[in-house]
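Only one chain is given next, in structure tokens, and it is the form predicted on its own.
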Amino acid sequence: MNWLSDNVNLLALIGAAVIIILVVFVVGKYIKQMKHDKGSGELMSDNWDGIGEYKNPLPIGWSLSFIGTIIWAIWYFLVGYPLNSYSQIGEYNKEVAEHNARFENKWANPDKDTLMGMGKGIFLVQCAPCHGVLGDGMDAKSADLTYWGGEDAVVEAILKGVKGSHYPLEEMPAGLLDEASAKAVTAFMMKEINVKKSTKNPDLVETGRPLWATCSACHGEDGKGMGGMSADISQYGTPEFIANVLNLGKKGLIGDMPKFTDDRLTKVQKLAVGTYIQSLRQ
């Protein structure tokens, strides 16, 4: 092995050599000085049992060594290791990024069957431990994903509030509307705001139109969440909505769902999970 071919080893050897040279020079200088120099000069006012201390200036050698060590540390951190030198963590992160790029390129335009298969595998590993294999929330221990995505779930969210969201406008409080008004505004939202443009209660759409102001105060007139301040409910019930929830994470009753950032799940994988969860709705 060539020790000088690795930047980390080379830096360590140079540092060790400099330290040894400084130690030998400084120690030699002061040993020689101790042999020949005699104490002289002004004593400090304090003394201990008759032993005083001279007001000697700071040793130049010590000062230069101290300043040199600081300069070396700054250079080592900013120019040498770890920023510009090899590290296993850096190599691992680079390999992961390259793999994710190849993965995203390979599955750039997956069909629904591909998304379903990919999403099911990820769901069983990442989601099922909390939401259950069937996605039913395991007796309300976590969110029931078989219920999510429909109008009844929206009505329940309006009545009971939404907890654990990580949006700047924070959690949606309970009791913003009564049950009848909640059903009406949900019908309006699903028909006029949501990308699906469909509701099971078309007769309630016009009743819900003036009530939309209660929701648009946080979600915006277009329901898109005012630039990420709140949830984009125009996408509610779609794989894209679930992908955004995965990005943000959520605080649940049995713990915190982590943020599935792009280095944890790729965009395609999150879309696949959303596609599979959408299929669980009963």
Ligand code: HEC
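For every residue, the number given is its place in the sequence shown, counted from 1. We call the rigid core the largest set of C-alpha positions that still match within 1.5 Å between the two forms. Since the structure is predicted, the reported quantities are computational estimates derived from the model, not experimental observations.
As for the form predicted together with this ligand, it is not shown, yet the points below apply to it.
Worksheet item: Going by a heavy atom distance of 4.5 Å, is K183 a contact of this ligand in the model of the complex?
Response: Although this ligand is absent here, K183 would stay clear of it in the model of the complex, with no heavy atoms inside 4.5 Å.
Item to complete: Flag G52 as yes or no: does it have a non-hydrogen atom within 4.5 angstroms of any non-hydrogen atom of this ligand in the model of the complex?
Response: Contact with this ligand, no.
Fill in: Proximity of M118 to this ligand in the model of the complex, heavy atoms at 4.5 Å
Contact check for M118: no, nothing within 4.5 Å of this ligand in the model of the complex.
Item to complete: Classify Y167 as contacting or not contacting this ligand in the model of the complex by the rule of any non-hydrogen atom within 4.5 angstroms, answering yes or no.
Response: Yes.
Worksheet item: Tell me which of 100-108, 69-77, 199-207, 170-178 has residues with heavy atoms within 4.5 angstroms of this ligand in the model of the complex?
Response: That would be stretch 170-178.
Worksheet item: Quick one: which residues from 230-247 get a non-hydrogen atom within 4.5 Å of this ligand in the model of the complex?
Response: Heavy-atom contacts within 4.5 Å come from S230, A231, I233, Y236, F241, I242, V245, L246.
Item to complete: Verify the C-alpha shift of R264 between this form and the one not shown: is it 2 Å or more after superposing the core?
Response: Comparing the forms between this form and the one not shown, which are aligned on their rigid core, R264 does shift its C-alpha by 2 Å or more.
Item to complete: Mind checking the CA-CA distance of D262 and K196 in the model of the complex? It differs by 3 Å or more from this form, so is it closer or farther?
Response: D262 and K196 sit farther apart in the model of the complex.
Worksheet item: Closer or farther: the CA pair G161/G255 in the model of the complex, versus this form, with a change of 3 Å or more?
Response: Closer: G161 and G255 approach by 3 Å or more in the model of the complex.
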